[in-house]
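In the block that follows, a single chain appears as C-alpha cells, in the form predicted on its own.
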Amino acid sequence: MDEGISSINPTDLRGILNYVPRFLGQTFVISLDGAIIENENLPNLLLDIAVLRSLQINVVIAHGISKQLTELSASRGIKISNADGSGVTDKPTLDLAIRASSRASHQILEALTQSGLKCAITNSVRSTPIGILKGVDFLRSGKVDRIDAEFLSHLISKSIIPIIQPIGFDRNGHTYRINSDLLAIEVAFALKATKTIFITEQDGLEIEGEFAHQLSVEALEAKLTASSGNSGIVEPYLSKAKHALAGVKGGIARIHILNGNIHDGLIREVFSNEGVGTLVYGNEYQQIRQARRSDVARIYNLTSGSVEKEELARRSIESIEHDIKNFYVYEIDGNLVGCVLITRFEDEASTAEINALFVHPLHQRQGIGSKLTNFACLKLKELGVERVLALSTQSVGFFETITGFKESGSDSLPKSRQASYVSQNRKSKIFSKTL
C-alpha cells in the first residue's frame, strides 16, 4: 500500500468534504511572510495549497520579503531605510527589495512546481507613490492603485496559481515597494475573495498578551480605536490586525492569521471549526433578527406550504405566538424569507433543538439556511448549550453535508422530547452537533 495514502485518516477526510460545497469555486488569497518562505515547513504548506486546489478552491499567493531584505542588507553591508514597505524606501533599499523579491518568488515557484502545480509570477499590481505624509517623503514606497483582476482571473481559469510580489509599477513603469499585508487585502478586494489567510511566524493575534482565537470585526475595531491609544496589540501583530480590520470592513468575509510552522496548519485552519490561528470575521448575520409579535402571521404564512409538503411539523398560529421570542427571522429588503426556532429542554439544560428551519423557495441555494443554522448554534453556545439537535424528514443532506450535524438515534433525545417524537409519528431522522 502507498505510504502517503495509508496515513490519511478517513474521518479527517470526511471532515474536509463537509466543507467542499461551501468553498467550491471560491477564491482564497494566501499571504506568506518572508520568514515563512525561508522556513523548512514551506513544502508542507504548499502541499496544503495543493489540497485546496484539488478541491476546486482558487488560490492566489502574495508574499512578503522582510527577512530576505534584512539578510541582503546585512550580507552586503547596505543600510536599508525600512524592511516591511510601510515606511520610507530609498533607492538602495528598493534595489535590494527587487533582488529579495525575486529570490522569494523563485522559492515559492520551485516548491509549487515540486508539488505538481502550475504557477506564474505576475506584474499585476499597478501602484502610485505614497508621497509625503506629515512632512515625511516616503520616496519609493507605494500604495496600490489597481490590481489587474482580469489578468489574475484568466490565470486562475487556466488552473495557474498567480504569485504576486510586494512590488508595484506605476503607469510609466517605475517600481515601488509595497507592504505585503496591504497587498494581500487589495488583491482580495479586486478578486472578491472570501478569505485572506496571513501565514506568519506567530500563532495569531495577541491582545494584551493573550491569544485571540476568534475576533469579531466590532471587537477588533474597538481595540484598535481605544481612546487611550493603547489597543493592547503591538508588533509583530499590529500590522496584521489593522489590515484584517480593513479587509473585513471592506467585504472579505473571513481573515485568518496563523503560524506557518504548524504541520497541516493551513488545512486545519480552513477545514475545522476550531482552527489553529486567529479568525477575524464580519457580521454575516446582520439580516437575522429576533422575531416580534407582529411576525406571527408572516411566519405562519411563510412555513404553511412546507407543512403541507410534510417538510415541517404543523404549527398553529397560537403555538407560533407562544414561541415567538425563540424564533429568529431572515429579512431581505424588509421581506421575511427565512426563519428558525430554538427550543430549550427543562429536563436537559445542556441540550437544545433547532426547529422550523425554513427558507422561501425563491431564496434557497443562497446560503440562508446555513446562516440561520449557524446563527442558532452561536446563540445557543452563548447560552451555555453544549449539544444541538435537529430533526428532519427531507433535509438529510443539508444537515450532514452543509452544517456538520451527525445522525444519531432516538435515545439521544431528552425524555421530554422522546414522547412528542413518538406521538408525532413523522419518523424524522435525528441529527446532533456538539458545540
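Just so it is clear, the model here is predicted, and its values are computed rather than measured. In this text, the rigid core denotes the largest set of C-alpha atoms whose superposition between the two forms falls within 1.5 Å. For every residue, the number given is its place in the sequence shown, counted from 1.
What comes next is about the form predicted in complex with a small molecule, which does not appear here.
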*Which residue among Val59, Leu47, Ala35, Ile368 has a heavy atom within 4.5 angstroms of the small molecule in the model of the complex?*
Ile368
*Which of Ser395, Gln26, Ser408, Thr70 has a heavy atom within 4.5 Å of the small molecule in the model of the complex?*
Ser395
*If you check in the model of the complex, is Ser153 within 4.5 Å of the small molecule, heavy atoms only?*
no
*asked:* Can you tell me if Gln114 lies within 4.5 angstroms of the small molecule in the model of the complex, counting non-hydrogen atoms only?
replied: no
*asked:* How about Gln364 - does it come within 4.5 Å of the small molecule in the model of the complex, if we only consider non-hydrogen atoms?
replied: yes
*Wondering, does Phe358 line up within 4.5 Å of the small molecule in the model of the complex on heavy atoms?*
yes
*Quick one: find which of 259 to 267, 131 to 139, 350 to 358, 167 to 175 has residues within 4.5 Å of the small molecule in the model of the complex by heavy atom distance.*
350 to 358
*Rigid-core frame, C-alpha of Thr393, shift of 2 angstroms or more between the shown form and the other one*: yes
*Would the C-alpha of Phe138 be classed as shifted by 2 Å or more between the shown form and the other one after rigid-core alignment?*
no
*Taking the rigid core as the superposition reference, indicate whether the CA of Ile178 shifts 2 angstroms or more between the shown form and the other one.*
no
